[in-house]
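Encoded as structure tokens, the following chain is the form predicted alone, with no partner shown.
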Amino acid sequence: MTPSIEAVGLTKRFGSFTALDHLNLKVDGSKCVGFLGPNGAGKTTTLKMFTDLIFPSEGEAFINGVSVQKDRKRALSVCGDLIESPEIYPSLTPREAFQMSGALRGMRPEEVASRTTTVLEEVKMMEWADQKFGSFSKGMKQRVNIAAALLSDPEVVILDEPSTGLDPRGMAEVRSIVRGLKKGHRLIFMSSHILSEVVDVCDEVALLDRGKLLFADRLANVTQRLGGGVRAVEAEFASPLDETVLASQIGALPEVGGWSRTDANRITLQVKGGPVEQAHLLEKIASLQLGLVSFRESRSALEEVYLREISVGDA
């Protein structure tokens, strides 16, 4: 079965305040979907209803087509989650904590032992499997928390702002882990308010503001919301390129609607057309042998879409 999550009219009110307002959203397949929005938009509230930590005022949440509200055990049996910042008992080691967690999930002891090794290696924490959790740095704790979410080898992984509060190194480590999870044929649904994080690891994005879904789309299509059928990509090179080379060899390509230098080694290109034209442009720039090292959707373009959509909602 293809992993999926779906919200149908999902609504949550706290007294007179509506935290989430009739969310309708379905995502499926093996990929990473960024659930994007400012603080207070309703992201964590949504994820708590998907994991049955709070009950909706209206609507339902489904995991692999099974209602979380009507059949919690079956729905969540295929799901691993990290909501807010859970704390493992500081006196326990990761191995001991996972033994307890696995038993609560009904996993066999030998299965828990095998999966403990697998998931701790996946987050690069096997070396500390028998050290007390309380002695770990915040970044190390978060890596163990992600490993705990993976213990049952879930098809669906729900992460609530997994890099929030970490230093730059910790944030980079968590993003690297999430990118690695995408290789495991899982559906990863990850809330965030950090645009660069979404660009780095996500394939699709859904934008939430004030409890309402503004849009959901493939990340590759998001920059087309700027209008004109033009999308922005960043190209990075191993060494700075001369302005004349940029203008004559790259700027003159028919897929390029314009370009600007981001810094010494990077340029932002306005690409005419859709994914096919973008793929053609990548092939052409690579063939020029100018030392291309990366080619990806522009962070600034996503930021512009984000700010425009949020400001429209505020108007």
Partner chain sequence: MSATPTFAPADASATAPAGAIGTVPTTVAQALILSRYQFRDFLRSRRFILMMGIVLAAGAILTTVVAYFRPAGLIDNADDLYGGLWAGGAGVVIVFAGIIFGGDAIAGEFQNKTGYFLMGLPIKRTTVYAGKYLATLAASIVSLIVYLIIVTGNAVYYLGAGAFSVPIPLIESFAITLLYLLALLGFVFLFSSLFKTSAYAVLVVAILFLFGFSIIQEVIVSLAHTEPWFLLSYVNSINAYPLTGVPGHIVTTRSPFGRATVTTYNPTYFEGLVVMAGYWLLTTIGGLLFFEREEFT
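Positions refer to the first chain, counted from 1. The term rigid core refers to the most C-alpha atoms you can superpose between the two forms while keeping them within 1.5 Å. Predicted model, so just to flag it, every value in this text is computed and none were measured.
One more form of this protein should be noted, the form predicted in complex with its partner chain, which is absent from this view; the next part is about it.
- Taking non-hydrogen atoms only, residue 103 approaches its partner chain to within 4.5 angstroms in the model of the complex.
- At a distance threshold of 4.5 angstroms between non-hydrogen atoms, residue 244 is out of contact with its partner chain in the model of the complex.
- Its partner chain in the model of the complex comes within 4.5 Å of a heavy atom belonging to residue 26.
- The shortest heavy atom separation between residue 235 and its partner chain in the model of the complex exceeds 4.5 Å.
- Annotated contact segment (heavy atom within 4.5 Å of its partner chain in the model of the complex): 89 to 97, selected among 170 to 178, 120 to 128, 89 to 97, 192 to 200.
- Across the proposed site, 17, 158 and 304 without exception lack any heavy atom within 4.5 Å of its partner chain in the model of the complex.
- The listed set 249, 30, 260, 265 contains one residue whose heavy atoms approach its partner chain in the model of the complex to within 4.5 Å, identified as 30.
- With the partner omitted here, the residue from 166, 214, 140, 76 that has a non-hydrogen atom within 4.5 angstroms of its partner chain in the model of the complex is 76.
- Looking at 177 to 199, the residues that come within 4.5 Å of its partner chain in the model of the complex, counting any heavy atom, are 182, 183, 184, 185, 186.
- Once the rigid core is used as the reference frame, the Cα position of residue 99 differs between the shown form and the other one by less than 2 Å.
- Remark: with the core as the superposition reference, the CA shift of residue 216 between the shown form and the other one stays below 2 Å.
- Core-aligned CA deviation for residue 131 between the shown form and the other one: 2 Å or greater.
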